[in-house]
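One chain comes next, on its own, written out as C-alpha cells in the form predicted alone.
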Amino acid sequence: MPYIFDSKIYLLVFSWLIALNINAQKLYQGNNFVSIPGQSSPEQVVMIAAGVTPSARQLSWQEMELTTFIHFSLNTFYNQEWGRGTEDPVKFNPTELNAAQWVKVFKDAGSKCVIITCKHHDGFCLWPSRFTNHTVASSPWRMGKGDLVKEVSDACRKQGMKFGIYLSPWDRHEKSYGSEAYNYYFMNQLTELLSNYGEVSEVWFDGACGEGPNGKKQVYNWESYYSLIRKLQPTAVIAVMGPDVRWVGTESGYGRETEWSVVPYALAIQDSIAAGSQQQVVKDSFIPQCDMMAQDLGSREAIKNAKNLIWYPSEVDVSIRPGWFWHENENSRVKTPEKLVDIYYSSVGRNSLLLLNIPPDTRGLIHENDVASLQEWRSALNSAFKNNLAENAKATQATSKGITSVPLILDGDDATNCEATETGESILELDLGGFKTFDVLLLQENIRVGQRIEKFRFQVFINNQWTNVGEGTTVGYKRLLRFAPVTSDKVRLVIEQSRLAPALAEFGLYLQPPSVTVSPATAAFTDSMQVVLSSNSPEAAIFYTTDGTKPGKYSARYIKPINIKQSTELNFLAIMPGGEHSFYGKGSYNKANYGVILKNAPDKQYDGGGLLGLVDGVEGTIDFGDGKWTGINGKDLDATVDMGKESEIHTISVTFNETTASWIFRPTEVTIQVSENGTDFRTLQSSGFGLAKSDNTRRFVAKAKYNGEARYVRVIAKHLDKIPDWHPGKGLPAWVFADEIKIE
C-alpha cells in the first residue's frame, strides 16, 4: 500500500512541537534525525526538513558561538607543524607555562570552551598516559610530574569555561598503529581523557590517516569511539569526524553565504537499525559519508531525494596565525583585529560556530602579539553589539491575514519567536521611534523548532520609499548582515520564502565602530606624494601621527590630504563624539632615490607598494604578505634600476623569499648586470640556489661585487618552471618574490 502524506497531521505535530519547546525549554531534547517516508514528494520533504531540530547537546554547543583551539606539543619546540613521531620528549620544557593565563586570554576574547590537542599526529601525549612512555612524564617539564591536560581542565573550571579534548587518531609513534590492536590502544587513551578530567564538553577528531612506524595505515573503529564517548561523557558533542558537528570545509575562517544545518545523510548501518531505536543508533554510530565541502548542502534541490535528514551544524576553524602551532617567525603575522572581525561576521554571522586556534609559545604563554590583537578584536565587537538600536521599536508582522504585533523578536530571548501562520511572503516592519544610524542587521531563528527561512531582503525607509540595503538566504542560529551606514526611523524585513511558517526569534540593528580608509596604503616615491584619509562615518574625526606613535584625540586632526616628502610611517584612527574609535590604521611611505623598470608586471596583490618598492630602502620580512614583496607568478623577475647618473658601485644585492607552502620558490638562477647606457649590459654574477626538497620558509640573498661605475643595474631571476613532484602544486609554475635591490 503506498504511503499517503497528510500535511494537516504534519502541521499539527509541528505546532505541538513549537508549543512544547517554547513552554518547556528545560525538557528540550530535540529531533535531530528523521527518516523520509517512501514516495514523499519534494514539497513534503521540505516540510519534514522544517521539523528537524538540534539535539540538546548540539543546541548547547551552538549557543557558545566561539570556542578556542590550543595546538601545543613537541611541535612547538621543534618549530614544525606535523611531527614524525621520532621527536625527543626532552625538548618539551615550557619554563613559564601558565594555563590560567591561557584561559583568561580566551575568556576575555569571548570564548566559551577550550579544546586542547592532548595528542597530535606525532603521538606525544600532554598527559602521563599509562599506555605509552611518549608523554610529558618523559620530559623535564615539572620534573616529569606534570599533566598539562589537568592544568588546562582545572583552569577552565576555575574560570567558568567549558573544556574539550582533541585526540589525533593518526599516531606516527605508536608501533601498533596499522593493526586492530591500535583501536584498543586509542580507546584506552580516550578512556583516560574522558574519565580523569571532569566534564568534557567536546571531543574533536580530524580525519588524518597516514602511515605509522610499520608503514601501514589504520582502519579506525569510529563506531566504538563514539559509543565510548556517549557512555563516559553523554553530553559531549563529537566533532568534526563525528555525528554532532561537521567541518565547514576550509580552514580560512569563512563559512558559506547559505548554510543549512539540516542536511541529507546516508546511515552507516541502515539495514540493521530497528525503527524503535533508529534515532539513538544514528546518534552513536553515524559515520560521515558525503561531501560536506560542497556549496549547496541543504537546499530544496539537495534534499529532495534524501532518505534521511539529520541536524548537522557547521563549525568554522581557523588559526590566529598562519600555522596551527606557534612559530617565532610568525609573531608579526598574527591576524589583525580587523581580519578577526571579518572572520566573526563570516562564521558566527553565517550560522556557524567559530573555533579559533590560539597557540602558546615555547615559554608556555600566549604571546603578547596574539593577546593585543584579541583584546582589540573583542573591544570592537563589544562596542558594535552593546546597543540594539531596535530594542524599543514597535514591531508588526503583515501577512495575507492582516497585521499583528510581534514583540517576541525584541525580547532578547532566542527561545521565543513570532509565529507566522503561513509559508508565503511575510513582512516584519519596525517603527524605531526616531531616526537611528546603523550598518548591521542581526537575525536569529528559534532553531528549537527548526531552521526555516530560505530567502529574505532587508529594506530601509529613505526619501519616502522602501530601499533594499541587504539580502540573504539562510538565517539559522544567527545571521549578521553588514552594509553601508544608513539613517532612518523605519525598517522592514521581507521574508520571501521559508519552510513551513518562519519562526524568527530575534531582530537587531547595530552600528559598528567607525573605520578609516587610506589611499594609498603603502607606496614608494621619488619627490613627494599625497595621502588621503576618509571615514565611513561623517560624525567621526580622524587623527594621525607621523612619528611612529599611536594617535589619540590630542594628535593632529586630518583636514585635507597629507603631503609626504620624506620616508614616513603614518598612523591614524577615527573617533566618534561618544568616544568609540576605529582600529588603529597604518600607512607606509618610502622615498626612493632610483627609478625601476619591470619587464613582467607583478601580481596586483603583491606589487611591493609599486615599482619603487624594490629600491625604497625597506626590506620585506619573512612574511611574503607584508606588502613589501614584489611577486610574479609563472614569469621571471627582470628589473632594471636607473640611478639617474653614472655612480661608483661596490656591491649589488637582491633578496628573495621562499615560502613553498604558498607556491613561492627560490629562483633557479639569478643574474646581476650593469650598464652605462641601459642597452649594453655586462654580467657581474650568475648563480643558482638549487631546488627545494621540502617545505621551506626562508630568505635568499644574491650578491655581486663590482668596483667601478655604472648608471643601470639589471637583475634577472628565473622562476621555477615546474613545481617538484613532492609538492601539491607539482608541474605548475612557481612564484618569484623579490624585494630590495641594494646598490652600495
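Note that this is a predicted model, so its numbers are computed, not measured. Rigid core (definition): largest C-alpha set, two forms, superposition within 1.5 Å. From 1 onward, residues are counted along the sequence shown.
Another form exists, predicted together with beta-L-fucopyranose; not displayed. Remarks below refer to it.
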{"property": "Joint contact, H71, Y166 and D206 to beta-L-fucopyranose in the predicted bound form, by non-hydrogen atom at 4.5 Å", "result": "yes"}
{"property": "Proximity to beta-L-fucopyranose in the predicted bound form (heavy atom, within 4.5 Å), stretch among 116-124, 605-613, 562-570, 626-634", "result": "116-124"}
{"property": "beta-L-fucopyranose contact in the predicted bound form: W82, any heavy atom under 4.5 Å", "result": "yes"}
{"property": "Partner proximity in the predicted bound form: D171 to beta-L-fucopyranose, non-hydrogen atom cutoff 4.5 Å", "result": "no"}
{"property": "is_contact(E251, beta-L-fucopyranose) in the predicted bound form, heavy atom dist at most 4.5 Å", "result": "yes"}
{"property": "In the predicted bound form, F525 touching beta-L-fucopyranose (heavy atom, 4.5 Å)", "result": "no"}
{"property": "Sole residue of F583, F543, Y182, W324 within 4.5 Å of beta-L-fucopyranose in the predicted bound form, by heavy atom", "result": "W324"}
{"property": "Interface residue in the predicted bound form among D317, D244, E202, E445, criterion: non-hydrogen atom within 4.5 angstroms of beta-L-fucopyranose", "result": "D317"}
{"property": "Shift of C209 between the shown form and the other one at or above 2 Å (CA, core fit)", "result": "yes"}
